[in-house]
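One chain is shown next in structure tokens, namely the form predicted alone.
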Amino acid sequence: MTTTLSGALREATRDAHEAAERTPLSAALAEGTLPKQSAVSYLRGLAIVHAVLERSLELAAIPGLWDPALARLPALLDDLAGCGATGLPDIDPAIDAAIALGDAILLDTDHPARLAGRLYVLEGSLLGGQILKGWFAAALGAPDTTLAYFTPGPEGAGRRWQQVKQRLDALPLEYLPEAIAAAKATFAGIEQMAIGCFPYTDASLRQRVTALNPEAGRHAMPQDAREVDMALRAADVAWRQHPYLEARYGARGRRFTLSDSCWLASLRSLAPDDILTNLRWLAGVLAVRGLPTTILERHLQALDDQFGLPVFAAAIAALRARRALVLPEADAVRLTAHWQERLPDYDAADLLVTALADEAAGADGTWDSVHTWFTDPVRFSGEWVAAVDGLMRETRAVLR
């Protein structure tokens, strides 16, 4: 009999799979006694794992293995939003276990065999989706028809699994040792997540930023519901101010805007120097990802407006002053106004001028990231691209 990757994984991980299904959470779920809090934290933990694995598979670009249509994260997030989970705290040990598993997956981005093993586990765990859907619906107090995560789609669970197995079995058999090791580690990580979810104590409950963004890791966030609400309102203001964010980053960018806003709100209790140190670090991280500092500054202003105290005013001024050393504000305003008519969409002129200033002020990579997006010929006309290049030349001519 010819050995297949999926078949060998099934045999090698049988014990690990069974152990993951013998947790107190599994028993309570089947008995209909699992608390909603535990069910929510378990699904949020799965969202963390799916977010990291699906992103890693996308970036790894393993020929023939991953298809964005296989992504389960959107359905999982929709289920959580639709079952009344918003505002519920998380169970700390469960989320810590999920983040630990996510951290391990992040290390596998350059290891196709390990990613294949992890995909095998998550896909295979949904073969009993119809039963799981009913059990989780009961725990969540939601109609099972609303739980899209456990619904494999029009092709049915069996057909979907066959498609995934075909993708796995097309990979080289030399992947097997690493794939088995990663699959066993994934089962163990999910087992720890389940153990963390149930039973639990009230002392283990806390607001975790991963409820807003499964990829946010261990970032701090306020624990006061009113402060969280103000942070989220500020995020909404910042998001709507820049259509560029939705156009470029989509739903994933929206989630990061929410989690970043909560982390920024948590900085408000720090000393001014510590606030500025943290914001300079964040500005550098965001800039090379295509977010010029003007976007961060407006987000900080939105937070000050929501909280009613100008805690970030000095930091905003410091970020602007750093740009002004290489591009005086009067020149930036003039250049933006001059090119706005030819580059009217997405606040392009302002973002491009700011990106050039950020780059000149030391944020390496900022201009390349912003420039690449704004000159994509699939998205923009030749006339638009020529205008971007004209703005670049004129701005660089006055940079100090």
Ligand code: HEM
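The numbering used is simple: start at 1 and walk along the sequence shown. Everything numeric in this text was worked out from a predicted model, so none of it was measured.
Keep in mind that the form predicted together with this ligand is not shown, yet the notes after this line are about it.
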Inset, instruction - May I ask whether S26, L127 and F187 all come within 4.5 angstroms of this ligand in the predicted bound form, judged by heavy atoms? - result: yes
Inset, instruction - Answer with yes or no whether R379 is in contact with this ligand in the predicted bound form, where contact means some heavy atom within 4.5 Å. - result: no
Inset, instruction - Report yes if any heavy atom of A81 sits within 4.5 Å of a heavy atom of this ligand in the predicted bound form; otherwise report no. - result: no
Legend entry - is_contact(Y42, this ligand) in the predicted bound form, heavy atom dist at most 4.5 Å: yes
Inset, instruction - Consider F312 of the chain shown here, and say whether it contacts this ligand in the predicted bound form, taking contact as heavy atoms within 4.5 Å. - result: no
Legend entry - Stretch from 221-229, 131-139, 253-261, 235-243 whose residues place a heavy atom within 4.5 Å of this ligand in the predicted bound form: 131-139
Inset, instruction - May I ask you to choose, among L319, L147, L115, V121, the residue with a heavy atom within 4.5 Å of this ligand in the predicted bound form? - result: V121
Legend entry - Proximity to this ligand in the predicted bound form, single hit among F307, Y200, Y249, W161 (heavy atom within 4.5 Å): W161
